[in-house]
Each structure stands twice: as structure tokens, then as C-alpha cells.
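Okay, so here's just one chain, in C-alpha cells, the form predicted alone.
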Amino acid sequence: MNFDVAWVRAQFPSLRRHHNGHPVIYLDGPGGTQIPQRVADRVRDHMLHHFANVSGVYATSQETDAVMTEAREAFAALFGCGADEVAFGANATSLFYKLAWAFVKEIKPGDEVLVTDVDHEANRGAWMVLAEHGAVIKSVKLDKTNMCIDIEDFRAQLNSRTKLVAINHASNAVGTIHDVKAMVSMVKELTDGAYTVIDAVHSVLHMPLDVKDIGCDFLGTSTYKFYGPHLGVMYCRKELLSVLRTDPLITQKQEAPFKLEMGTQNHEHIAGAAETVHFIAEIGRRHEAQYGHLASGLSGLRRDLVIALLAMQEYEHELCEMLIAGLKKIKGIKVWGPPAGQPRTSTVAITLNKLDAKGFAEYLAERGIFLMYGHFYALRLIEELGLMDRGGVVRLGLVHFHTRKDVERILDVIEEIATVVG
């Protein structure tokens, strides 16, 4: 495809960095992507020229109010929801925990809460607090063959006692994409109105979302996983959040979405997050001719974002196929992830025989390939794969600013390391 990667790369100052004489390839997108210049500029501009608290009568306060409105509208376009259904927090983890404490008041002894062995601990550990209030916590097992949530086990565990279901949209460890729309539909069919919470921290970067089409009640993500500052954002179905008892301060607004937010928000990072959405939309406008027909019926910012994410998804998929095909030719490398033909993001987990994950990552770092190793807080998944004793996996996260030349160099360096360690 004709993806304008040259323009994209020009937006990221960090891509010009060298380490030990090598141009740096940043592969830790799943843990935090790099930042476009315009996003950093927006954060700086707000801090230097518009810094104030909200709800005042003076100019900079009103400008901060406008930033908050703009950001909610931007993320509403990204999620496919109303601006009054967008809440902000420190990160996705803190928002999941805040939500869990609200559900303490909704759970009765014997009620069942369903989590999965695939999820990041943010969408597992948060719900464990409900066990202290009588809930029965159940976990859906990992389908090791397809490296995904075991859908038959998921279906079997849903029943009339199920009150809340927390599921993963895309695995931050191995890249599997789950059909959350189908899973939410199962919840509606097989329970008496159980609530659904989706961890979309890894998926927002790689595909268009439509929370109304999915049908979930809550969906959380963190903007630093898709070119933004450290910030959490959550879609909250207004009808539910309006009646959920979140215990906001009596001085706070008591309606959705404000009642899920705690105290003064990080206005400068929210300004940067809004700019991140506009940056993605710019990519959409640059690929309108190729993908506009796939956004029929959409308009404005929502249309630009859907086009952008479709273009990014196809480009990343091509790079990922190239990477996996090359990895499978290298002796001693094992790729951990969904089999060919199953939906996945461009995040690839690997191990190398005779070398633990930390040592492998260190070799790569010396050669300018920056990535992470470990369990990435998808602790149960890595335990189920029996990889904890080896330090977990090495994770290669391709995003839309990478190139085929990057992939070729990654493969060359990995083959070199594999040859050295035997």
C-alpha cells in the first residue's frame, strides 16, 4: 500500500536518535509509543500560556475549560460515543480501580465476577477487591493453541449469577485481537444484565473502535500507548454511570462523566491527548483517497480517525507479516502469538533458545533496538505459557512509523544474536 510513512516519521523528533552508532528503532509501542512534536508543543503551550484551574471567570481558566471540552469531544470521536461519556484519570489502571470501588456497592454476596487469564492485571487485579465484599471471582482460561481467551470456557462460565465481566480487546503481550462485540453479545444473552468492562489499552492504537456497536458499558485506555502523554481515558455509558455510586467529593460535579474523575485533572496532558487525536486524524485526511470508501456515512473528525486507523492497521499488518515470516526462518527463535489467519495486532512476542529474555533484550538494546522483556503485567498469560522462569518474552511492537528497512535490520540483528548464542 502507499502509506505516507515519510511524512509520519518527520513528526517524531526521537526517531533521529542514535545509540552506540546505530539509529534507534523504538519497539516498545505497547508500553508507550514515541511523541509527535505537535503533541509536545501543545502540552508546553498549555503550561506556559493557559495554565489555570477550571470554572473561573478569567481568560486562562476559560481557556482550560475549552481544552477539557475539546478533549472530551475528540475522544468521543475516537470511541464513537458522546462527549459526556468520556472521563479522564492518571492512567487506565487507576480508572479501572476507581470503577471497581464504585461496583463494591452494586455487588452482593454470591454474585460472580468474570475476568480472564489473558488480561493485563489492571483489568484483573482491580476486580479482586470485590471478593472482599462477597463476590466470587472466576477466571476464563487461556486457549494456548490460538493464544486467546478460551471462548467456550467463557461461554460456559456465564450464568444468571454473573454480575460483571471484564475482558481484553487485544493482548498487550502476544497481540491477539478478541471479538469483544461477540463476547458482549454472549453476556447479554446468558446473564441477567451483567456489566461489561473492556481493556482497550492495546487495541486503540491499532484499529478503529465503536463502543456503541460493541455494546459495552465501560472501555478504558491510556493515551501514552498511542502517541500521547501519560493519561488515562475511559468511555462510560452515560445511563449507567449516572446511577453508579462513585462517591465523588461533594464539591465535584455529580453527573457523568465528571463523577468518575478525582479532583483537579492534568489539564496540560489532556490538551496533549486531544492533540494526539488530531494528529491521528491528519493521517486520515492524507489517506482519504485510499480509504474514504470504507468510512461511508461518517463525517468530520470521526471519519478522519476511522480512515487513519484503517490505513495504519493495513500498513502495520504488512510489516508484521514480514517480521513474523523472517523470525520463523531464524534458528532458535520461537514466536508466541495467534496462528496465521487469526486477528492480531502488530505486536510480536518471541523467545530465543539458550538465552533468557533479559539477556536477549540487552543484546538488542546495545544495537539500538529498544524494547521490553518480561510479562508486561499480563502475568497469568505468561505463567500459563511456562515462561516466567525465563524472564517472560521479548516484545516487538511495530507501529505506523516503522519501515520495511527497520524490519530488515531487526531481523538481521536477531539472526546475528541467535548465531552468537548458538
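We number the residues from 1 along the sequence you see. From a predicted model like this one, the values you see are computed outputs, not experimental measurements.
The next section is about a form of this same protein that is not shown, the form predicted together with a small molecule.
- The small molecule is not drawn, but in the predicted bound form it has a heavy atom within 4.5 Å of His120.
- In the predicted bound form, Ile270 stays away from the small molecule, with no heavy atom inside 4.5 Å.
- The small molecule is not drawn, but in the predicted bound form it has a heavy atom within 4.5 Å of Tyr224.
- Although the partner is absent here, Thr93 is a contact residue: one of its heavy atoms lies within 4.5 angstroms of the small molecule in the predicted bound form.
- Note on the interface: of 193-201, 261-269, 305-313, 109-117, the segment with non-hydrogen atoms within 4.5 angstroms of the small molecule in the predicted bound form is 193-201.
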